[in-house]
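A single chain, nothing else alongside it, follows as structure tokens in the form predicted on its own.
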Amino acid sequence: MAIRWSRWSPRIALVPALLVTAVAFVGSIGWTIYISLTTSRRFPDYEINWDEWLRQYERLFKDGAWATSLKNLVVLGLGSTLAIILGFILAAMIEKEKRGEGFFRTIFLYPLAVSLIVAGIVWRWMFNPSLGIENFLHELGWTSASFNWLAAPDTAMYGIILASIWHGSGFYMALMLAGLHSINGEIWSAARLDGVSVWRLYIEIIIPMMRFTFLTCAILLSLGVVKAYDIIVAMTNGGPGSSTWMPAYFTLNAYSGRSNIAYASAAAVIMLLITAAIFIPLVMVTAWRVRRREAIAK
């Protein structure tokens, strides 16, 4: 009897968590999909007109602001990959110089202690031409300098990318540093004895050995980019115009600004599909590589 209880007690303990997941996660997804097929406005209307059940999606892909948000999603995703690259470079430099590892790790991780809202406000101040970097350069005598990126639709997204890199590079540095520490020290010693150059060592040996770490960073980065909202609100509030709208900002604006919960739900469903399209292949590749490594080890 004791043996049976020890076998079933962990499963029974998981039941509340499974129920919460089913109701709060799966149930919410199902409810959002259903509402997106209706003509609901501010409040849900659960009657579906099957002649126009895809109306919200048709409107969505004809909306220029939604097209802009998808384009910005790609731009922010590509630009934010620099945070992973910078994180790896910082980790390599810290790992090579052992003496100051604790100090520099703390310094580079400090931005994580600041919320995205606060980080966005700070960077908005830095881009302010009368208070920030541009004013500082003018006081130094460089009167032609211009750093007012957030005021122009063509450069506003680059300002957000720069702030995102500053905020996230320390986190990716910590992940990369953990990956570098997991590499056998004999590899470094053998490379030094063989006279292998630093560039060749990292490109041909170290980086391929850290592919799982890079995949993990890519997964986390993709999830963060798709749900980007706080830093947009803090820095530009979607402006100038709609030039810095992101899918998450568009979704919340569709409900709060347009008072259309069905339209917002349709945008949320597309966001879910985008997340799945990015997340599932990366997870599958990671799982496949893990199984392959375990099979080779056996």
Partner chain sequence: MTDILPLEPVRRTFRDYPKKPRKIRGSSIAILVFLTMCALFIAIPLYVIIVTSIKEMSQIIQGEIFSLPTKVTFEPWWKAWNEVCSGVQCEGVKVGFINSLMILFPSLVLSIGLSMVTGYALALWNIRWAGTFLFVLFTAAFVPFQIIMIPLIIMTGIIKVYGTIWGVAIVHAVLAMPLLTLIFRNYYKDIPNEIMSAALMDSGSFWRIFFEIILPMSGNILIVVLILQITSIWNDFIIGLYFGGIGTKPMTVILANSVITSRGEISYNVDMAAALLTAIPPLVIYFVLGKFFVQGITAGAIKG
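Only the largest set of C-alpha atoms that superpose within 1.5 Å between the two forms is called the rigid core. Positions refer to the first chain, counted from 1. Since the model is a prediction, treat every value here as computed from it, not as a measurement.
Just so you know, the form predicted in complex with the partner chain exists too; it's not on screen, but the next bit is about it.
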If we take heavy atoms and a 4.5 Å cut-off, which stretch out of 149-157, 76-84, 183-191, 128-136 is in contact with the partner chain in the predicted bound form? 128-136
I'd like to check something about residue 214: if you look in the predicted bound form, is any of its heavy atoms closer than or equal to 4.5 Å to a heavy atom of the partner chain? no
With the cut-off set at 4.5 Å between non-hydrogen atoms, does residue 46 touch the partner chain in the predicted bound form? yes
Should residue 205 be counted as a contact of the partner chain in the predicted bound form, where contact means heavy atoms within 4.5 Å? no
So in the predicted bound form, does any heavy atom of residue 251 sit within 4.5 Å of the partner chain? yes
Taking 65, 222 and 259 as a possible spot, do all three reach the partner chain in the predicted bound form with a heavy atom inside 4.5 Å? no
Going through 106-124 from first to last, which residues have a non-hydrogen atom within 4.5 Å of the partner chain in the predicted bound form? 106, 107, 108, 109, 110, 111, 112, 113, 114, 115, 117, 118, 121, 122, 123, 124
After the core is overlaid between the shown form and the other one, has the C-alpha of residue 25 moved by 2 angstroms or more? no
Is there a C-alpha shift of 2 Å or more at residue 275 between the shown form and the other one once the rigid core is superposed? no
